[in-house]
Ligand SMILES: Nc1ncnc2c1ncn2[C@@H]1O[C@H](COP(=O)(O)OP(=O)(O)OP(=O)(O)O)[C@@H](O)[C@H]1O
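The chain below stands alone, shown as C-alpha cells; this is the form predicted on its own.
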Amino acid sequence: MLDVDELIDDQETRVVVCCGSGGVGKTTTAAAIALRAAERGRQTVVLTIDPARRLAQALGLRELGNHPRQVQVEGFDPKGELWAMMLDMRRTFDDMVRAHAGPDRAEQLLANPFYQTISTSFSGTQEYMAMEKLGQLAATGDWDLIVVDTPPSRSALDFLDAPTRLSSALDGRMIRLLTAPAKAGGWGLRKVVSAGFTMFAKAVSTIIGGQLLADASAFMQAFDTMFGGFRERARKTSELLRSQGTAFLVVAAPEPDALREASYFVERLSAEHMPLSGLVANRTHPVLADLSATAAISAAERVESSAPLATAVLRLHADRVALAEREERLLARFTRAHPEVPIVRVPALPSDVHDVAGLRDIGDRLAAS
C-alpha cells in the first residue's frame, strides 16, 4: 500500500509529479498533497499546468500567476509554507529569453512575429515550458518540495519528450535552413549563394509567405546564440525527473477508461526509468456496512410495504455494494497487471472540494487508507 505521509515526510523527496487522465481529481490530489506537506513542515510549492482555475479556487485565491504566491487564508497555519502558481506558457518563454539572450537580443526575439507564433502554438512548447518552470523552481532552493500537477490525458507525459522534441524541431534541417539567409553575409533572401536554398525558400515562401519566412530566419539567427543553454537546461530538468528525489504518482478513478490510461502511464514511466511511487485510486466507494447486496435486497422486499424509508436505504446500500464490488474487480485487474505498483484508495467526498478544509479532508483520506 502507498504511504503518502511517508513519501512527503521523506526529506529526500524533492519533487512529486501527479499525472493521469482528465476528470479524475488530479489537480485536487496535487493540491491536497502540497497542503498536507506544508502542514507537516515542508516548504512546499504546487505548480499546476492545467489551465482550469480549480486550484486557485480551492486554495482560497482569486487567481494564480506565473510566479509562486504564498497561500495565506483563515484557518490555515502550517508548520511549513505553501506556495502555488499556474504555468503561463508565453510568460515563461519570454522570461527565459530575457534571462539568457541579453537585453538587445531579447528585444529582437520578443518582437519577432515568428517567435510570437511559436511561443504559444509550436508543438511541445507548453510541455517544454513546464519543464523550464520546474527547473527554475528547483534551482532557487526556496522550497524543499515541489508538487507538479500535469495536463490531463496522455499529453501529461509529453513533457518527458518535450526537451528532445522541441530541441530537435528547432535544430532540424528545415529550421536550420531558415538561418541561411541571415548567415549569408547579410545578402538577404534573394542573394543566398546556395541554389538549393533559393529553390527551398521559393517553395516555402509560396506556402507560408515570404515575410513569415524572413521572420523565421531572423528569429533563428537571434535564437542561435542561446540554443546551447536551452538544451542544457532541458537536460538538467530531465535528470531531475529521473532522480531518486522525484516521485511520480498516477491518479485514476476506479473506472475502465481511467485505469486503462493509468496502465499506459505506468508502462511509459517504467520504460523511461522514471521513479514511480504508486497509484492514487481516487473517488472510490467503500461499503459502509457489513451487509451483502443480496441480503439488503431481501430485507428491502420484506419491509417494502411497512417501512418505505428503510426500503429505500436498503436498496441504496445494495447499489453501493454492487458499485464497490465492481470497483474492486477493476482495481484487482490493474494490480494483476502491475503487481509492483502500490495503491492508495481515496473515498469520494459527498461534494466537490472548493476550499482548504476540503483539501485537508482529501489529504486525511490519502493518509488513512
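From a predicted model like this one, the values you see are computed outputs, not experimental measurements. Residue positions are given as counts along the sequence shown, with the first one as 1.
The form predicted in complex with the ligand is left out here; the points below concern that form.
- The stretch from 333-341, 312-320, 22-30, 37-45 that comes within 4.5 Å of the ligand in the predicted complex, counting heavy atoms only, is 22-30.
- In the predicted complex, the ligand sits within 4.5 Å of a heavy atom of residue 352.
- The ligand in the predicted complex comes within 4.5 Å of a heavy atom belonging to residue 283.
- Of the heavy atoms in residue 16, none are within 4.5 Å of the ligand in the predicted complex.
- Mapping the unseen interface onto this chain, residue 362 counts among the residues with a heavy atom inside 4.5 Å of the ligand in the predicted complex.
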